[in-house]
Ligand SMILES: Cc1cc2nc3c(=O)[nH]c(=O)nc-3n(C[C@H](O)[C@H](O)[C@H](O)COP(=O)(O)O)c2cc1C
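As a starting point, one isolated chain is supplied in structure tokens, in the form predicted alone.
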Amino acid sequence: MNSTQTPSRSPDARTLRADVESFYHLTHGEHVGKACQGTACFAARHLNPACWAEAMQNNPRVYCLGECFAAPAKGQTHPRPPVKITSRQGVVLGRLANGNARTIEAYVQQGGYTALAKALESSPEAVLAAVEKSGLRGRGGAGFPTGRKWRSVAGQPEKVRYVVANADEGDAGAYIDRYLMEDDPHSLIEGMILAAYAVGAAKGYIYLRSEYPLSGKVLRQALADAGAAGWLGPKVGGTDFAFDLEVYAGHGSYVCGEETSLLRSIEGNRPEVMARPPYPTESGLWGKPTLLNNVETLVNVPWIVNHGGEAYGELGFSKSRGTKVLSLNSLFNRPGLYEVEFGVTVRHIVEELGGGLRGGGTLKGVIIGGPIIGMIPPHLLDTPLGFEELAAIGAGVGHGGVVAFDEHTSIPDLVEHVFSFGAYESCGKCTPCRSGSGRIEELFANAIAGDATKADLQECRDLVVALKLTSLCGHGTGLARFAESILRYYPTEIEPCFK
């Protein structure tokens, strides 16, 4: 529900609100001071067993606090992570690497809002064309061409349109969006205004996960400052273009990172995943055409407008253009945020950027953009970082959180952990995800206890196929991709557990 709306006191409205609230795991602030049991913390649990034991006692569970560089994490009190740019251009992390641009004065001093001023002197079509030429693809996981999505919204006959930033960053190992919002909030705001100008939207929302309270505080101040400077409101930059933007705080549900669930959450409805088509670009927020991109995607846009789509397209390789921010977890010798060009190998990320594993640990595998995505085994580390290239081995770019696993993690334990997470966070709308994920968790728990058969393993395989083919959204299909990679690359660790 929009914070400016007054809830009805009728019994039906109260019942509906209770039904909506029952969907979520956490009330606002309930995660504060709690230990995290996300996958990055699971991978590093041997570094602080007491913290992990505390995390496992949390009810409701706390997943992913955006401190995977210090996992296993508790609270949000760790120093800022190191930031390093290894691409030819610091498109996304340039200001973070030079010291943050949290205030509007610092942002403007570093060239902020020049892209918006340039765009307002041109046309929406010019912005659309630049984004299309850039080859920018969604950085939230799907990798869909950004320009095509924008063009779809701009071309709708309905004139009421919305722009929404997906800041519900909950993937294990990912803390990219958190630090962009906390240390460079105006880059997101400028990117959203440019998007709104390009597609003809007058209203926007930043859907912020509840586990990022400082991000919310910083963003709200930045919005107030942008408004006072004339970059938001009825006459953006002194023109006739009007755009208002507000922060909407989530309630602690991983599945709200899925676009249809997220939009229903903003509407105040029970945020179950919806079947598509229609897609949000046609019928999204309150039934109107809606452009939804994640934070990092939008932060790329000011650079593209300033330098041109062609210049951006010169970065990267193959069908993966530009740069990608990666966040490395605490098992690496050098955890932190890294901006790379697409095309570097996974081995380069693990060994050169991350410096290998702490304590000389032996790499068992790495997940990029997980946990609901394929595992990359050591013998495939020379695979380039690219959307199609990683998909070809059953993995993916995902959101960019890089979680390494060493000899302290058994593969059956990892499978049980991921499917426990999957079952807990399922919206419950489709049967394969609602029931299948919990059943796989149960079967692997039995296998770890020495009480599983070959028939149980076959049941797991069948459930994975069902998840892949019949799930409504990426939550179920992502769990299937993870399981497929495990069954494909780690049979010698899985099969002996099912006797």
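Since the structure is predicted, the reported quantities are computational estimates derived from the model, not experimental observations. Position 1 is the first residue in the sequence shown; the rest follow in order.
Below, we turn to the form predicted in complex with this ligand, even though it does not appear here.
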For this session: Consider the chain as shown here, without its partner, and state which of Gly365, Gly140, Gly374, Gly204 has a heavy atom within 4.5 Å of this ligand in the predicted complex.
Result: Gly140
Exercise. Which of Gly396, Gly257, Pro335, Gly191 has a heavy atom within 4.5 Å of this ligand in the predicted complex?
Worked result: Gly257
Problem set entry | Close approach of Asn293 to this ligand in the predicted complex, 4.5 Å, heavy atom | yes
Exercise. Does this ligand get within 4.5 angstroms of any non-hydrogen atom of Gly250 in the predicted complex?
Worked result: no
For this session: Would you please decide whether Gly112 lies within 4.5 angstroms of this ligand in the predicted complex, comparing each non-hydrogen atom pair?
Result: no
Exercise. Can you check whether Asn166 is within 4.5 Å of this ligand in the predicted complex, heavy atom basis?
Worked result: yes
Exercise. If contact means any heavy atom within 4.5 Å, which of 82-90, 257-265, 233-241, 307-315 contacts this ligand in the predicted complex?
Worked result: 257-265
Exercise. Even though the chain is shown alone, can you say which residues of 472-498 have a heavy atom within 4.5 Å of this ligand in the predicted complex?
Worked result: Cys473, Gly474, His475
